[in-house]
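Included below are structure tokens for two forms of one protein chain, each presented in isolation as structure 1 and structure 2.
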Structure 1
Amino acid sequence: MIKTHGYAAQSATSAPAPFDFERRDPGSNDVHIAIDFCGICHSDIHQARNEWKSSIYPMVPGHEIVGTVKQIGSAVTKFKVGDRAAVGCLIDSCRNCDSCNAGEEQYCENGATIWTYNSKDKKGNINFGGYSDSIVTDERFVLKMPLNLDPAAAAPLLCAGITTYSPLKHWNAGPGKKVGIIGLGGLGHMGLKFSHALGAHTVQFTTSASKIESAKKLGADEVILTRESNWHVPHAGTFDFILDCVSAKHDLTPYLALLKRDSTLCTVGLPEEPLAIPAFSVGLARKSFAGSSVGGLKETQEMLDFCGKHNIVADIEMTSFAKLDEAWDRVLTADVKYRFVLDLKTLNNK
């Protein structure tokens, strides 16, 4: 067994604290990775605080993992010791259903998607995530990170990146399409970068005039302020696709009015309260309201390769376990542009 040091929440009301545990020794198909960087995702906080009512303790969060291969199993072919490697939101699935065979393991039809943390493996053991100094994962669920990307700034691609890239690709964002991005935070700034790089005419929606210049620097062709009443009227029926990245309660009706016939608004945000969809706002022009999760392994690797080609990474602020409480508080108040990343390279003098 591999002695591992990390930070864990022991209950919904306790802050993450030092936690020592053991990883399994690498099997024939496993890759042992020394974690260099791990992004902080808002879902880490939701789950540590049991806000989704499905938490398993002790919980070591973290699913935006970039590190260096320390050891490989005898059957591993994609990696060698010293390679840069990455682990995202999922580390196993049934591997046999139609979704898994299509590379869409996140939608495993047997309900056997095994998440990087706050889940149990096939033997019933709790999975511990990337707020730790190492991880052991089956080669099939380990990703290659382009070497030209800053590994710290690339870490959030493993969740925020793929969460926004996947729906943009699925709904064919690209040249000749007008795409809207709702929200300019951890998810929204990645959606904006991807939509721009895919060639779509990209419009950022924001309630804050102070974000106009930031949005334009990130790739927005237009920025629409949404504070005034009837702000949407001049833009009605002009959008091919809208990606909603907001995780707070908000009114979708004006955004649905922006869609063309047969177009889609997709949410990747996770508001605690249900979103209301008035029937007339979708029925009169055959519009669709949809959702999307993270991507499977094939699409996540495609996304990373796309980022390498276009030099896309997240805008980040580095932090450490010593400042974790402060970082979480600032995530909750949207006081970061736009993702925190934990520096684990010095953990345990590694």
Structure 2
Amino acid sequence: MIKTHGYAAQSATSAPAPFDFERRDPGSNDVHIAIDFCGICHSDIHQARNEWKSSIYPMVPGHEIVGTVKQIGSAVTKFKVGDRAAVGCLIDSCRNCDSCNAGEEQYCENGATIWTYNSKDKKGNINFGGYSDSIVTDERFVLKMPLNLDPAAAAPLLCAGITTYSPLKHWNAGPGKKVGIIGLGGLGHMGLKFSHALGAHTVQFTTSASKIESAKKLGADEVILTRESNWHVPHAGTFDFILDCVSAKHDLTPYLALLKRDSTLCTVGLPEEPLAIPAFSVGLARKSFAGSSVGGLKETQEMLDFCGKHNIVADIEMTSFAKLDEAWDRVLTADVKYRFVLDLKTLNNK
């Protein structure tokens, strides 16, 4: 067994604290990765605080993992010791249903998607995430990270990146399309970068006046502050696709009014409380409200390669385990530009 140091939440009300545990020795298909960087996703906070009512403790959060291969199993072909490697939101699935065979393991039809943390493996052991110094994962669920990307700034691609890239591709964001991104946080700023890189006319919606200028620098063709009532009226019926990246309950009605006939608003945000959809706001012009969850391994690798080619990484603020509580508080007040990344060198219980 591999001694591993990390940070865990022991309950919905306790802050993550130092926690030692063991990883399995690598099996023949496993890759043992020494973690260098792990992004802080809002989902880490939702789950540590049991906001989705499905939490398993102790919980070591973290699913934006970049590290260095330390050891490989005898049958591993994709990696060698010393390679840069990455792990995202899922680490296993049934591997046999139509979704898994299509590379959409996050939608495993046997309900067997195994998430990187807040889940159990096939033997019933709790899985621990990337707020820790190592991880052991089957190579099928390990990604190759382009070497031209800064590994710390690339860590958020593993969740914030793929979660926004996947729906933008699915709904054909590109030249000639007007795309809106709601919420300029970790996910939103990646959605903005991807929509811009894919060639769509991209409009950022934000509740934060302080983010307007940087949204333009990130690639927004227009930025709309959504604080005043009726802010949406001049833009009604003009959008081909809108991606909602908001972490808290909010009113969808004005955003649905922005869609053209037959267009879609897709949410990737996962607020604790349900979102209301007035029937008139979709029915009168055959509009759709949709959702999307992360992305499969094939598309995640495609997204990483796209980022390598276009030099796309997250805008990050490096942080340490000593400042983890403060970082989480700042995520909750939408005060991060635009993703915190933990440097595993700062883990103090090593």
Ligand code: NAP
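Bear in mind that the values here come from a model prediction, so they are computed numbers and not experimental data. Only the largest set of C-alpha atoms that superpose within 1.5 Å between the two forms is called the rigid core. Sequence positions of structure 1, starting at 1, serve as the residue numbers.
Of structures 1 and 2, which one represents the form predicted alone?
Of the two, structure 1 is the form predicted alone.
request  = Would you say whether L225 is displaced between structures 1 and 2, judging by a C-alpha shift of 2 Å or more on the superposed rigid core?
outcome  = For L225, whose C-alpha is compared between structures 1 and 2 after core superposition, the shift is 2 Å or more.
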